[in-house]
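What follows is a single chain, given as structure tokens, in the form predicted alone.
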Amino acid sequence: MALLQVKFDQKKRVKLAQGLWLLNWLSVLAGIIIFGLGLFLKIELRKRSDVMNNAESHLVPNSLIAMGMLACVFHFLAGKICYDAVDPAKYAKWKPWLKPYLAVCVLFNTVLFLVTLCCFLLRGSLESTLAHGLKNGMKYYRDTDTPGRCFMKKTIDMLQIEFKCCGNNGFRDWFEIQWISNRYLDFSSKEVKDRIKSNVDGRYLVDSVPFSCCNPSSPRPCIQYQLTNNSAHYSYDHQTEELNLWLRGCRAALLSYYSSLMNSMGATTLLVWLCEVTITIGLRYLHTALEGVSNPEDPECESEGWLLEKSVPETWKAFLESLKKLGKSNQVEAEGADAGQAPEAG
């Protein structure tokens, strides 16, 4: 027995075709939106590739771009099919191609659903990429005279100002690296010599942060040097006083930004996927309803449309059997080819 069987007369078939025509053109617009979202995400990832360890994943934006382009092509074609379905003479040329087209639509919907899942699951890989990328970016902050790294200072400063963050996990990350170039250190100074000798790696480490960590909303002038030295500043206690620095790390800030971006894109893509599934189901009903017209000479006659010709278990069983037959036929062909080569060798 057919699954979800529905009776159609000529009027219902025309209304279904017209409704699907409209939905397909709306889906062309949705495809353009998905393409635009993928392009925007790709640009956003490229903009900050320097703090992503140059290993940012472009799988999701590339997939969105590809799916958006395919959606435009598929639904432009489906709109034409639905428009011609009203006229039996025009529909005749599409009739042999509609069943393979529906199979391609099912495959397209499956891939689109997987891309939607990827939008929601990208956070894990992004967090690891940002952690390593920001750490390396901070390490190269001082290399303003090194070719290939001279832009890193500006990149990190602009990042901290734009996202109101400081360091990788927090402002204390700057205490663990030498972020001031040797070019601007006075090596004749006793303080500089003592600080360099005080650690094994011979780095100039200070309890200070770059200017871009300063919070302009703070009423107090920015304290960015000697942050842990209470005596260096008037009426100051770094353990109890709220510092006039951004307290959130840039990894958390960027992760929050990209996560909200990906969640929005995932939700949009999910809505488009639901629309795609609706169109595919509608096309299946239109296809079976037109196939079921008993008398082509009488377009007014009733017909039946269905989603599946048999029940779900029977359809699945028939699918597995067809796969087995395909596998056996390939095996027989391979054995026949081997048998044909054996006498030649003899």
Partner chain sequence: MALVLPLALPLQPRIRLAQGLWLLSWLLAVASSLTLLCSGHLLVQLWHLGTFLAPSCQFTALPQVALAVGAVALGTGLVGAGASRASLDAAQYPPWRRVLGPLLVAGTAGGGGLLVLALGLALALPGSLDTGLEEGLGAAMAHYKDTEVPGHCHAKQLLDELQLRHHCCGRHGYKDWFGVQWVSSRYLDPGDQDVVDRIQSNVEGLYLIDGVPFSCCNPHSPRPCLQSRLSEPHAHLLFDPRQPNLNLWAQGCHGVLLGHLQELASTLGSMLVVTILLQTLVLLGLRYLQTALEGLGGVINGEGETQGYLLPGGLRDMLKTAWLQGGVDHRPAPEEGPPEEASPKEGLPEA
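As the structure is a computational prediction, the values presented were derived from the model and not from experiment. Residue numbers count along the first chain shown, from 1.
Keep in mind the form predicted in complex with its partner chain is missing from the figure; the text below concerns it.
Novice: Counting only heavy atoms and a 4.5 Å cut-off, does its partner chain in the predicted bound form sit next to every one of 179, 186 and 221?
Specialist: Each of the three qualifies.
Novice: Indicate whether its partner chain has at least one heavy atom within 4.5 Å of a heavy atom of residue 139 in the predicted bound form.
Specialist: Output for residue 139 is no: heavy atoms all beyond 4.5 Å of its partner chain.
Novice: According to a 4.5 angstroms non-hydrogen atom cut-off, is residue 102 in contact with its partner chain in the predicted bound form?
Specialist: Output for residue 102 is no: heavy atoms all beyond 4.5 Å of its partner chain.
Novice: When the contact criterion is heavy atoms within 4.5 Å, does residue 225 count as touching its partner chain in the predicted bound form?
Specialist: Contact check for residue 225: yes, within 4.5 Å of its partner chain in the predicted bound form.
Novice: Is the gap between residue 76 and its partner chain in the predicted bound form 4.5 Å or less for some heavy atom pair?
Specialist: No.
Novice: So which stretch, 150-158, 126-134, 270-278, 190-198, is the one near its partner chain in the predicted bound form (non-hydrogen atoms, 4.5 Å)?
Specialist: Every other range fails; the passing one is 150-158.
Novice: Considering non-hydrogen atoms and a 4.5 Å limit, which listed residue (259, 215, 109, 208) is close to its partner chain in the predicted bound form?
Specialist: So the residue touching its partner chain in the predicted bound form, by this definition, is 215.
Novice: Can you name the residues of 118-150 that have a heavy atom within 4.5 Å of its partner chain in the predicted bound form?
Specialist: Heavy-atom contacts to its partner chain in the predicted bound form: only 144.
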